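Just one chain follows, in the form predicted alone, and it is written as structure tokens.
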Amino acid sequence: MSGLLVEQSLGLAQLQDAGRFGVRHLGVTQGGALDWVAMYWANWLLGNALTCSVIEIPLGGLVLLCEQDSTLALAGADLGATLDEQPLQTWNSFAVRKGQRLVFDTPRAGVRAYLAAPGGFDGPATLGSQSTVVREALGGLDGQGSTLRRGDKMLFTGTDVLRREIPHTSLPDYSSPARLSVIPGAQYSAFSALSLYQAFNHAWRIDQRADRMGIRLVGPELRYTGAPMISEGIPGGAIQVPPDGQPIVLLNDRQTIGGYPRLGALTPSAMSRLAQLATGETARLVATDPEAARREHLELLHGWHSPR
């Protein structure tokens, strides 16, 4: 059994799938692909189950040697990918031959690319998922949360693929202004009126303090006027506001509980879009309601299951 050999890595690329669920009561976070939309498309291109494990590639710097003839698929950020020095177009599947090199350079549009293989990549399932969470030493190729390193072999056993083409209307545009839908909630009403106005009427800049746990937003100082809090459970996309008034959007590798007040939470599609924003880029928060967010999410899911 063979697949892809890691010849070079920045130490950021990871094995990810849909995440680890049903274990937060144990203090275990979910993990999973930050841009789950791109992961779904990468798998869809090959006819895989949408939640099959993929390689999440942040910022490029990854070189893979193909050790077998196969078909792979690429979605998400444009990282200047090449196959034997020939440019690869993202949001597509492509054939590879044994001995070819797949190189991911630097971001041109977006931040994270997703590489899928037939049937998904092999790796031990820990608490029901292969997703890598470095902080908790869970998932990944070794089951202990390691990122991809030189010499690692990314194995896959699938052979059957269903070559598909993504409709142009479904392709995300990472160059368009980012508008992130927020469901207000939690301590929303305990922020000052000025803070609520500023939160939804000013652009927020993506700070360099960003990782898979969360992304800090820089902009107007938000002021919480409510009573001190006791730590409580935190959902994905929760927008915590620490004492400095600069929001932190919590992502897949977040802690399971926290005591900062929350403005609300991003919708799943907004979390996916945020995952593709680079340091220094800006985004605006847009209030929505739970029913509208639910309709949007169901429509998005329907796109993968409707006949093409």
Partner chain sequence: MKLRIETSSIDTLTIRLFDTIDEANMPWLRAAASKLREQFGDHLIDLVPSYTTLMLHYDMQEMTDSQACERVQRALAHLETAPPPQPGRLHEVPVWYHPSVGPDLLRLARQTGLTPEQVAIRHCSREYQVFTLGFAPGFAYMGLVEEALAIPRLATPRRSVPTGSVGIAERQTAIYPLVSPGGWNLLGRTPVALFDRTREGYSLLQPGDRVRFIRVEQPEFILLGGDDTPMEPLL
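Residue numbers count along the first chain shown, from 1. Note that this is a predicted model, so its numbers are computed, not measured.
Beyond the structure shown, there is the form predicted together with the partner chain, which is absent from this document and is the topic of what follows.
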Does at least one non-hydrogen atom of residue 230 fall within 4.5 angstroms of the partner chain in the model of the complex?
yes
Examine residue 10 and determine whether its closest non-hydrogen atom to the partner chain in the model of the complex is within 4.5 angstroms.
no
Please determine whether residue 135 contacts the partner chain in the model of the complex, using a 4.5 Å cut-off between heavy atoms.
yes
Is the gap between residue 226 and the partner chain in the model of the complex 4.5 Å or less for some heavy atom pair?
no
Spot the stretch among 233-241, 167-175, 107-115, 77-85 with residues whose non-hydrogen atoms come within 4.5 Å of the partner chain in the model of the complex.
233-241
Quick one: from 28, 66, 52, 59, grab the residue that has a heavy atom within 4.5 Å of the partner chain in the model of the complex.
28
By the heavy atom within 4.5 Å rule, which residue out of 33, 46, 270, 265 makes contact with the partner chain in the model of the complex?
265
Three residues, 101, 161 and 276; all within 4.5 Å of the partner chain in the model of the complex via heavy atoms?
no
Considering only 18-55, what residues come within 4.5 Å of the partner chain in the model of the complex, judged by heavy atoms?
20, 21, 22, 23, 24, 25, 26, 27, 28
